[in-house]
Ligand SMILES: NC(=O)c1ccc[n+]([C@@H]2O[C@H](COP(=O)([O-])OP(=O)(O)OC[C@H]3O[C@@H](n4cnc5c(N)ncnc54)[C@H](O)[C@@H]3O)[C@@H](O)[C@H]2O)c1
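Take a look at this single chain, the form predicted on its own, given in C-alpha cells.
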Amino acid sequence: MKVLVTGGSGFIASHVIDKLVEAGHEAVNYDLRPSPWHGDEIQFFEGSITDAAALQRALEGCDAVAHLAAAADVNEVNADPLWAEELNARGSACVLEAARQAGVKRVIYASTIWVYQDNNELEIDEDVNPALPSHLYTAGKLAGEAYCTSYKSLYDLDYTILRFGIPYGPRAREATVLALFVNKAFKGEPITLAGGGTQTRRFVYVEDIADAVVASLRPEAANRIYNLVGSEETSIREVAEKVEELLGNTEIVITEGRAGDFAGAVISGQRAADELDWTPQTDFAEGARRYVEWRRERAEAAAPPA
C-alpha cells in the first residue's frame, strides 16, 4: 500500500514512516521541510497542508493518507489562534478534499484524547461524545474529526480517527513534558510542576503509536474511532521523579495549575486491542530510559572533539 504521511519530518509522523516501511508499505513524506531522519529512500514532497492543489499532486497514486501535520504545541495555539485554526481545521479540510480529488481510499486522522478534556465522566471510551471544547487546540482537532465524518457522509471517503494519548520518545518536540523535564535536568535547572503534578496521563511511547497507525490501515478500521493510550496512569510528578532518577542534577518545584490542562480521566483503549490487536508494548519507565539514552547519544555526537 502507498501511504502519504503529512508532517512526515516531525516527531510522531517520522516514526510512522519508519513503521510503514518496516511493514512493507511505500511511504511518502509531505512536509514543509525535508526529514532529518530519512534520506532519498523516502519520496518527499515539500508543501503546506493548506495547499490543496499541492496535496492532490502528492497524493496521486496513493491508497491512503496518514494526516499527522498539525499545530501541536498548546502554548503556540494559545499565542496565535488564527494560525492554529488554519493548520488544524482548514488544513484537515484541505487534506480531505485533496484525498477526494486524488481518489484516495482512506484518510487516517491523528486526533487526541484532549477531545475529552471537558467531559465529566471518570472513565471514557469511544462511545462517549466529547463535550464542547474549552480549549482552542481541542476545538481544532474536533473540527478535523467532524470534517472526516462529513466527507464520509457526502463523498463516501473512508476515514479512521486515532485519538492519541500523550506521546513521548525519541525525536519529541522540545515542548513535550518529558523532553522539557530532561532539558531542565541537563541544564541543572529545577523542574516545575503545575498544581503539584498530581494530574495523571496515559503516556504512550511514540513507536507504539506508530505501530497503531499502521494497524489502522486494516479494512476493519474504516470509519472507526480509536483511543491509543498507554497501559499505565502516570502522574506528572512521577515523570519528574523518573527524570531525577535517570539524570539527577535537578530539583522539583511546585507551582499553580495551568488553565485548560487536561484533567486526566481514565481513557479506555480496549477497542484498539479488540479490533486492531494493538496494545502498547512499552511501559513508561522503559520508554523514558530509551528517550534519555537517545538524548545522551545525540549530545555526544554533537560535542566537538577533545
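Quick note: we count residues from 1 along the sequence shown, nothing fancier. Just so we're clear, the structure is a prediction, and the values are computed from it rather than from any experiment.
The following text describes the form predicted together with the named molecule, which does not appear among the structures shown.
Among Q56, S268, T250, S48, the residue placing a heavy atom within 4.5 Å of the named molecule in the predicted complex is S48. The partner is absent here, but in the predicted complex a heavy atom of A69, alone among V243, A69, A272, V65, sits within 4.5 Å of the named molecule. With the partner omitted here, the stretch from 179-187, 148-156, 126-134, 107-115 that lies within 4.5 Å of the named molecule by heavy atoms in the predicted complex is 107-115. Using a 4.5 angstroms threshold between heavy atoms, L87 counts as touching the named molecule in the predicted complex. Remark: G165 counts among the residues lining the named molecule in the predicted complex, judged by a heavy atom distance of 4.5 Å or less. For G287, no non-hydrogen atom is located within 4.5 Å of the named molecule in the predicted complex, even though that partner is not displayed.
Taking the partner from the other structure, the named molecule in the predicted complex has no heavy atom within 4.5 Å of any heavy atom of I17.
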